[in-house]
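First structure 1, then structure 2: two forms of the same chain, each alone, as structure tokens.
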Structure 1
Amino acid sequence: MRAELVAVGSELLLGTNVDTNSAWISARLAEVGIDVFRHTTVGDNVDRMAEVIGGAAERADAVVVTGGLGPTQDDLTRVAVARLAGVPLERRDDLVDHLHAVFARSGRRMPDNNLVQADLPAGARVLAPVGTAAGFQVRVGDADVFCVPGVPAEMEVMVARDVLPALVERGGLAATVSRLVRTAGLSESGVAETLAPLVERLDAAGNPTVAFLASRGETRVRITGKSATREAALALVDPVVQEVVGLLGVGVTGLDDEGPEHAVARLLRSRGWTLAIAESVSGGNLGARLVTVPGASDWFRGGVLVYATDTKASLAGVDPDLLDREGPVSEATAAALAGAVRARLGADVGLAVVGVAGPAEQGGRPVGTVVVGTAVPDGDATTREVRLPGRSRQQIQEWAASAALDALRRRLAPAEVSM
């Protein structure tokens, strides 16, 4: 079954609002095995709306239209879809009563123009309003066209309550399941090369499929499978997930929603160890990543933001002579910081990250240089230097946190594949 989504609203074409509805609806449709082939955004112009919605209805079995159901003169979805369905608009008394009731409850007088929200294409199925706007379902050619409000809270209720069941009944037979294998310290192209034979084999069969995504220094491998049920689809996907994990080895940080911060949390918990951090270049991004993990207070002690060079000595306790001799962005300083913050906060593990976010180089180290230091109970402090060339200041600050998390993950689980 093929579906297309249409988002209506000039504010989307002006860029003042981001269309998050289409991604949300697409994810829900994928869960019931309905393929979404296209998203289209069109402005509040009845001719262009009719052209876009009509084109989608010719290509697809189902079209979900969001937006344009409000009470103002810009809200033209009802008009455009009635024209495509070849029927007039008719006023629904039950919706008129609903509008009066809504305004009465909030003690406001109802402006007359709100009554247009009670005008639906003749013969349309009414999707009961969540706020003031009713949705509706109408046939355009061979396609079912569902129109729902653009307000996410109203749209989400209506899609889950009315649209999905109707589509599943019409023929959302298969289920589509996607799982993510998340990696760090591997380039997208390197991952693709490692998995090329697997991808070729899967492409021949066509199900499951593999895709690659890169974000914030992480490469993600998405495995998507289809079958009659979610369980059957998972049975296709999970062996491939295991195969990918085996091929990528220690580069894998986790699955699905588990990022490197979750892997670090799990590895610390498994040893009953606590963590203290020292951040310079990342300015707080490392701590911010760590505390997103629920229950972080069980193992995260805290740390120091040693942004000004002298604070690396005065606050963290690094030997000032070493700091002078080696400079703030150096392996010796990163190692000393990791050991110092570990002692300073009475933690089992110390993690430090220093570097150069720019705009200018620092002490002869180029912009994009990041050095991570780790100190653990059963060994000396070790360091790892990475380069993030050609990145913005903020990217380097964020990626430095990712690099620190990955360095600690690898230090804590050098052999183990972190799952």
Structure 2
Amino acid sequence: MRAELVAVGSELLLGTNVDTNSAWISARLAEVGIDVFRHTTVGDNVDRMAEVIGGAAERADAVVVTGGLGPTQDDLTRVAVARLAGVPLERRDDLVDHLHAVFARSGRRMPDNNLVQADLPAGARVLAPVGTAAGFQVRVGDADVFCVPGVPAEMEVMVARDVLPALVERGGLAATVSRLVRTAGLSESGVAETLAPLVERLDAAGNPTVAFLASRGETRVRITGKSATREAALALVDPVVQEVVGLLGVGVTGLDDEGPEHAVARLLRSRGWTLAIAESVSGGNLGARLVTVPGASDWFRGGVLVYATDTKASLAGVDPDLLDREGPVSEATAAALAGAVRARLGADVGLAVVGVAGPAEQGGRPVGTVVVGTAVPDGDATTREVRLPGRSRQQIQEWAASAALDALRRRLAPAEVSM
């Protein structure tokens, strides 16, 4: 079964709002084996809406439209779809009663314009409202068109309760499963090169498939399989996952939702060690990543944000003479910070990250320079430098956190896949 998604709202085109609904719906449709061929966004203009929704209905078996079901003059989805279906709008008394009840419960007077939310295309199947906006299902040509609210909390209930069961009943009888192999410290092109023979073999078979996703210095390999049931799809995907893990070796940080911060957590727990961090260039991104791991309080002591040069001495305890001599962005400073924060917070392991986020060089070091220091029990502090040219300040800050996590992961497990 083929589906298309249409997101309605001029605010989406202006960039003031982001369409997260389509991503969520696509994931749910994939889980029941329905292929989404296209996402389209259209503004609050009834002619353009009718053109876009009508085109989707000609190409697809099902169209899911989000937004445009409110009470204001620019909420025109019901008008556009009624035009496409060739039917008038009709007022539903049960929806009028629902609207009055909602406002009565809140102790507010209902504006008259809310009554338009009770107007649906004649003959449409009503999708019971979660808030004030009812959804509806109507036939346009050979396609089922489902219209649901743009409010995510209302949309998610309606899609799960009404849309998915209707589509499965019509013919979405397969299941699609995706798993991720997550890597750090490897380029997207390098990962693709290593996996090229595997991808070529899978492309010839057609199922499962492999895709590459890169962000903030990490590359994810997505393996997607389709079969009659979820269990059968997993049986196709899981052997490929293990093959990818074997091919990429120590570059693998984890599977599915677990990134390098989870790998660091596993390694620290296995040794019974605690961690303290000192952040400069990453500006808090490193600490924010670490505390997303459940149970982080068992092994994460805390950290200091030492952005200004003098705070590296006053907060972390680095020798001011070393800072004067070596500068704030140097291997010596990163190593000293790692050792100093480890001692200052009473941790077993210290991790520090310094660098130049821009827009200007610092101490002769170019923008995009990042230096990570790690200090572990019974070992000298070590450093690792990476260069991230051509990135924005925000990208450098995010990549710096990833680089720090990967450096620590490799220091704690230099010859094993930390899964």
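If you're wondering where the values come from, they're calculated on a predicted model, not measured in any experiment. Rigid core here is just the name for the largest C-alpha set that superposes within 1.5 Å across the two forms. The first residue in the sequence of structure 1 is number 1, and each one after it adds one.
Structure 2 is taken from the form predicted alone, while structure 1 is not. Relative to the rigid parts that move between the two structures, the hinge contains E258, whereas the other entries in E258, A23, A313, G358 stay over 12 positions from any hinge. Rigid-part rotation between the two structures: 9° for the smaller part relative to the larger (C-alpha based, whole degrees).
Core-based superposition between the two structures puts the Cα shift at R325 at 5.2 Å.
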